[in-house]
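One chain comes next, on its own, written as structure tokens: the form predicted on its own.
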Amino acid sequence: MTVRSKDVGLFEAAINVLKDFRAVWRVFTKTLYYLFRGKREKGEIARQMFHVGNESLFFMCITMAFIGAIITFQTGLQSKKLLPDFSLMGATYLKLLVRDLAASVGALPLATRVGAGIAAEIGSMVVTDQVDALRMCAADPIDYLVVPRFIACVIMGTVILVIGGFVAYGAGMLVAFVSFDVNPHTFNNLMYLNLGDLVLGFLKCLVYGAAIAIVSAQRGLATFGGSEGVGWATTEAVVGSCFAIIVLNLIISTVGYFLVPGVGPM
């Protein structure tokens, strides 16, 4: 039986994906272990929270403002063609924003900003032998390097995504008022929002923040060579984090459809 080169390429790609998943899973399990039993440098978590949160706030607000404005404008244009009634535009937009868009769409630009930084910083430490020096001192790099970034991404990533959701909602409200003459009181409608939407949206924020930290840290620890290796790790961190967000979005949304259905008022 002959195997075509294309089939061999797909097989090797599948094997590489499984290897990457196993490496990420190994880093994740060790991170959870050291999360409760590790010894971290004093003030490191606060420093990482500043890098993840404060330095990403302006970028996230601007990005989510444009995204919210575009989504609302396009929704209004399509609604105008079918049924020129904008009374439920705000209620529908808010439900989609809370349940999925604020976390899933906002996490993608956050991954480019935070994930690249984590991979580049850890990768630079790998190629300059600082990580090997930690191992020689009987210190696990995951405990000293990954865990503080993991905690910072989970906490501040959630805060940043929530703030970005508010900004996107405000931008959508402004666009609806200027472009389609929708009164802000009419747009600000909580009719379709329920507790399940809030739970699902908050869970996605937590999971995406954790995924960005773990995937980016794993890529940073896997850095090889010199500056070229750091560039590879940075690119792989962004691509891997975005891919993880998309896959996790599918999984959480599917499970959430059955466990926390978004039906009924709050």
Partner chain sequence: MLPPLIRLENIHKAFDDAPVLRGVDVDVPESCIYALIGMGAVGKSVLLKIVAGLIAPEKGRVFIHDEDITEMGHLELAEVRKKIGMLFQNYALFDKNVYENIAFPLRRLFDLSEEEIQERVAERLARVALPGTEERIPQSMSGGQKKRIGVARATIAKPPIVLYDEPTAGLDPVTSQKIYDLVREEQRATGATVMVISSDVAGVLTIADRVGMLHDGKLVFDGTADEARKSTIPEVRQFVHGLTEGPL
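Numbering follows the first chain given and starts at 1. These numbers come from a predicted model, not from an experiment.
The next section is about a form of this same protein that is not shown, the form predicted in complex with the partner chain.
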property	result
The partner chain contact in the model of the complex: residue 181, any heavy atom under 4.5 Å	no
Contact test in the model of the complex: residue 151 vs the partner chain, heavy atoms, 4.5 Å	no
Partner contact for residue 144 in the model of the complex: the partner chain, 4.5 angstroms, heavy atom	yes
Residue 41 within 4.5 Å of the partner chain in the model of the complex, heavy atoms	yes
Proximity to the partner chain in the model of the complex, single hit among 171, 105, 155, 134 (heavy atom within 4.5 Å)	134
Contact assignment for the partner chain in the model of the complex, among 92, 74, 130, 188, heavy atom within 4.5 Å	130
Stretch in contact, per heavy atom within 4.5 angstroms of the partner chain in the model of the complex, of 48 to 56, 203 to 211, 232 to 240, 27 to 35	27 to 35
